[in-house]
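The chain below stands alone, shown as structure tokens; this is the form predicted on its own.
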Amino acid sequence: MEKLIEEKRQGECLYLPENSAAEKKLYIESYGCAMNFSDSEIVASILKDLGYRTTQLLEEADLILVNTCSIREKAEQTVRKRLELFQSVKKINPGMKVGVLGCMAERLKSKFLEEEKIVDLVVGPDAYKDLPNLLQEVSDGRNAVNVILSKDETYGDVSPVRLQSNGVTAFVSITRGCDNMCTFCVVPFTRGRERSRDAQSILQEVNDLWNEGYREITLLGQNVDSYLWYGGGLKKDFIKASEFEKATAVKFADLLRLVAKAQPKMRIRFSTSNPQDMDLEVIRTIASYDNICKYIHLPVQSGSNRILFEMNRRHSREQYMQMIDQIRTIIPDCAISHDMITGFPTETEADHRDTLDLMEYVKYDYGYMFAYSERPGTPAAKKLKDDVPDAVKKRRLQEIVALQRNHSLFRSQQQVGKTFEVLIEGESKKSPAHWMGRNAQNSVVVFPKENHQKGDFVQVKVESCTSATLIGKAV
């Protein structure tokens, strides 16, 4: 008896023996953005249908997969070091297969097989449904590559396997790809054109998660604010849509309302936003629903208009500050975080001071700060010389980090004495007698366990703080 596994690959149907993958174990590592971790859950689901189950023990794995990131050179170096480790493990278990997934796979393609002799298969972000065929090719003694980017794949029909889940929070992917073409970013080249997942499949996944005991979801995309579902197709083709499709189109604010109404007790977060696409309707929707968290991650990348222009960030410093003012007015208790790149090509001390000045204006709750890392193939790498010395990048980054640390402490101190609803996510890493959770503003809150359980919503009064943590007691 054979099991028929249907895959849309040049109209082929692949036949595998019923027990060909029985008892096989999958070890998967993920690096980079939350989307990569979400994609790994999709991969685990696809391979589960082939009989693979996940393991956290590297040595017992039949298949090792690394889901990679190409945003910065350091991320790629980390992956190559991991492959060196896998090579030593493979010497002990020669039957083990190793695959590279994600953005690094897409960027390097078949070149990866030449550079890393240990790698058996290379799979891009849009080709995960082809894994059954690719694994068959590897089983037949051939290296396998599929990095073809899709214009319509959203994996909306795949129910993810929740990997290393805390059973309380989960990711729900709503868009894939990006059309923004920021000059420093590889995402448009490694993840393709922007497309949105149908709203009904999103709602179904959220409902399923609630029924499984999850109490918080994060809607994921490279640029969630440009979510647009009108019956399928790329966002850029919306102008060709029928009048009916345009009239019934679901924008991001609409999706937020649908999810908030479908599960009014489920906490809703989203990431990542783009200043040029976020509008007042989204901000007002956040303010209108108690279960939509009062937290916005709003990357700016630089406080200098000249650098923003060189980055092809289609917003100015002034427009960004106006958006911040609107958020503060409509959602007074909203927490805001940022992404910031220092040392972008041609950045001067005056540009750097503009960034510090913008940070002083906003006083962000959190931040993700990086020194510029040139990525091959991006417009910046092609047109701009990476001319800021490493020592200058390091010094400017240290100044940005230090300022953000001060602002984080300032924002934390503002919360002392206040009471927040905290969702317990698990045990505190520093004390087995304390729970750790987050409030709607995404602040980490630690408090004594008492009689509460993981997954509970608890009212906690904040009594003290650090720059990163609120410390309190249940009331």
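What you see is a predicted model, and the numbers here were worked out from it, not measured in a lab. Numbering starts at 1 and runs along the sequence shown.
There is another form of the same protein, the form predicted in complex with S-adenosyl-L-homocysteine; it is not shown, and what comes next is about it.
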The unique member of A371, I327, A335, L108 whose heavy atoms fall within 4.5 Å of S-adenosyl-L-homocysteine in the predicted complex = A371
query = Tell me, which of V282, I341, V122, I174 has a heavy atom within 4.5 angstroms of S-adenosyl-L-homocysteine in the predicted complex?
reply = I341
task = Examine F184 and determine whether its closest non-hydrogen atom to S-adenosyl-L-homocysteine in the predicted complex is within 4.5 angstroms.
result = yes
query = Even though S-adenosyl-L-homocysteine is not shown here, does R375 get within 4.5 Å of it in the predicted complex, heavy atoms only?
reply = yes
ask   = Taking heavy atoms only, is G367 within 4.5 angstroms of S-adenosyl-L-homocysteine in the predicted complex?
value = no
query = Can R72 be called a contact residue for S-adenosyl-L-homocysteine in the predicted complex at 4.5 Å between heavy atoms?
reply = yes
ask   = Out of the stretches listed (346-354, 249-257, 155-163, 295-303), which one is close to S-adenosyl-L-homocysteine in the predicted complex, meaning heavy atoms within 4.5 Å?
value = 295-303
request  = Could you list which residues of 208-223 come within 4.5 Å of S-adenosyl-L-homocysteine in the predicted complex, counting heavy atoms only?
outcome  = Q222
